[in-house]
Structures are given as structure tokens and as C-alpha cells.
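Here are two versions of the same chain, shown separately as C-alpha cells and labelled structure 1 and structure 2.
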Structure 1
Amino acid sequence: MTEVEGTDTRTRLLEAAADLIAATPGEDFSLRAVCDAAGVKMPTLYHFFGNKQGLVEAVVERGFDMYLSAKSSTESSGDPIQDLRLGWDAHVAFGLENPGFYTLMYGKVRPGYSPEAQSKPSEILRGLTLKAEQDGRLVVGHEQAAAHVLATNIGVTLRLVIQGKNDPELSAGVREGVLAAITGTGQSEPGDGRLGHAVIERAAANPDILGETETQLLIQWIGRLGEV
């Protein structure tokens, strides 16, 4: 072989598969079509990827890399809650821009097994919720918060991918509801000891609004309201 093609055969196969998946999101694809597009016969594909699942996993890993590189370019605000917001939006945006990849990454429902690479974004998410917990911003455990965010973020994104069009109002609404739920910015149940958490946070963070003595009094009053 004269090796006129500049790219590696394995990379060519990977890109051909990615193109086919992106071209028909949600549909199945044929290994022979991948090989034809890469100008190669099937045993070559099997040589590099073992079987179809191996190819799919390689494509998924590639998808997660794309996702992470697109995500890491935006996430830097220092505030973990704000980072969760940015991460949420980046997640939704990636899903809508790459429905084929997203389907393989998060839409595959094979009980008991989740793709390897899926752990990386989850790690980032857990890092954020852990930091938020250490900053005292959470009213639930950081694992619980991460699971909460992940499940709803995937749910909203899958929904938007299925119906094919974006709905910023829905995404933002669910996002803020979720953040409110895990930060206690919204009161979940009377009598759980967290009544007025958001008010206290805001007042304590800005004691100049009411003045220092008034702020202390406010916090004390809200505490008495919550005790009953």
C-alpha cells in the first residue's frame, strides 16, 4: 500500500463511524458501511476494534472527549453553583448539537452497565457538588446532589433531543428548580429546620443591606419561625 492517505486507518474508521452515527441519530449503522466509507474491508475493522461494541465504545469515548473539551472551555467561575449552571447548559447544548453521540452516550439503556468514559463527566460533577458541600451551600449530601443534577440534566436533554427542538425555558426552569432543591434556596418542607435558608444566606452575605444588628435579629426570628 502506498499510504497516500494522510490519516491513520484506525482514525479513518472512527471518523467514518462517527459521521454515519451523526448522519442518522438514533438509528443503527452497518459495519460494512463504515468500512466502505473508510475504504477498507471488514477484518481491518475487527483488527482494530474487536467487534461492533468495541467500535461503538471508541466512538463514545471520542464523543465524551469532544464533550469535555467543549465543556472545559466554559467552566471557570469559581462559584460551584454557578459552575453547575454552566455545566448544565453545556450538557444540554452538546446533546442538541450531537444527538447521535448523545444517544449513544446517555440514551443507551442496558441495565447494569454504563459506559466507562461516562465516569469522567460524573467525576467533574461530583467535584463541583463536593466543593459546594464544603462551602456549606448544599442541604443534601454531595452524592445525592450530583445524582439529582445528573438525572434531571439527562432527562431534560433526552427530552429535547427527542422532540428535536430546543426549549430554553424548560431547560432553565428545571435547572433552577434543581439548584434550588439541592441548595435549599427553596423550602422543601415546613419543619425540616431549613425554613428561610435563602433569606439567611442572602442577609448574612450582605449585612450592609439591613445593617448588622437587624441582620442578626432577622436570622434569629427566622430560626424561631422554623422551630415551631
Structure 2
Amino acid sequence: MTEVEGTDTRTRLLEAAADLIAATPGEDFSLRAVCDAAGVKMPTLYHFFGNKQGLVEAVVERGFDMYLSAKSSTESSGDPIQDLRLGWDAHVAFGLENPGFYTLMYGKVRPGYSPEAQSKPSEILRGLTLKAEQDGRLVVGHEQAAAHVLATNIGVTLRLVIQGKNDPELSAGVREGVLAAITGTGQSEPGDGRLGHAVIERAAANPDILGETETQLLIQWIGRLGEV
């Protein structure tokens, strides 16, 4: 078997396992079924992965590689909160497009255990919330903000995977709710310090209204006024 053939066979096994998992979320799957779907014999699967756990871990790792590849192709808006918003939508889209991988990446829970491959996306998320905190955009610590976003993002995505269809209204509603909670923009009133936050977040979420340059200037001005 050449190196290219080996890579193709390994990929077929990973994709076959992911498809079987997607077809029956939360249920077990057989290695025999994976081999049949990939068109290989059992010894070939053991050659690449050693055992069932090795296959599962490889599927998780490939899933995160695919996820990070998709995220890297998305350009930053230049605004951390808007990037959180874009990241949320990209997360949901990945889960719906790759339910088999996603179910293993985030749906298989073992108390006290977090896949090593999960650390990179979490690091990217914390980087965004840290930037937002440094810009004075959060009313909670950046670690707590990242935890709120991740927990709700995963919950919504798993819900949609189970439903087998997208629900943009549900996703956007929960997304804006958690962003309002971490930025303190909910139920703002005149004279309330949260009003400035609300204006900032509305402008950041709709940069096309004023234009990107003007939006960034507005955010800076309101931020400075809040320091007075």
C-alpha cells in the first residue's frame, strides 16, 4: 500500500465512522459496520487505529482539524464582539454540516475529560473575550464570558443536530442573549452605564450602517466618554 493509498483508506474509515455516528447520534456503532462502509477488512482498521477507542479519538482529532480549517478561512471583522457573533454562526454551521464529527467532538461527555484537540478552539475564543475585556466591552471576566459563549453555542448546536435541521431564529436569539449578558447591554435605560454598551454593541453588530471606519471611531468615542 502506497502512502497516498494509505491516507485515502484512513480518511475513508474516519468518514465512514463519522457517518455512522451521525445516523444514530448517542448510540454505539460497530467496527464491522465501519469497515463495510469503507470497503476494507477489519485488520486494516486495526492497522490504522489499534482499537475502537483509537478510531474514536482519530475521528475527534480530524473533526477539530476540519473545524479549525473552516475558522481560519474567516476574516476578522476587527471587532471582538462581532467576531464572537461570526464565530458562533460558523460553529453552528460546522455542526450541521458535519453532525457525525460534531457529535463526537462535543456530544460524547466523560466527567473530568476534555479532548486535547478541543483546546485550540477554546484558546481562540478566550483570545476574543480577552480582547473584548481589554476594550472595556465586558461586564464579566473574559474567562467567564468565554465559558458562557461556549456552553450555549454547543447546547444550541447539539439541539439543532438532534432536530436534523437549522433554526436560525433560535440560534440568533440565544446568541444575542448571551452576548447581551456578557456585555451588559440588556434592558438599558437613559442614565444607565449599560446604555453606552448597548450603543457600542449595536454599532459593532451592524457595521454597514455607519461604515467600518466610522463604527470603530464611534466605539472609541463612547469608550472614552465612559471613562470620564
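Each residue is numbered by where it sits in the sequence of structure 1, with counting from 1. Since the model is a prediction, treat every value here as computed from it, not as a measurement. Think of the rigid core as the biggest set of C-alphas that the two forms share within 1.5 Å after superposition.
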Practice prompt. Sort out for me whether 1 or 2 is the form predicted together with the DNA.
Written response: 1
Practice prompt. Determine, after fitting the two forms on their core, whether Arg159 shows a C-alpha shift of 2 Å or more between the two structures.
Written response: no
Practice prompt. Could you tell me how many Å the Cα atom of Tyr46 shifts between the two structures when the rigid core is held superposed?
Written response: 3.9
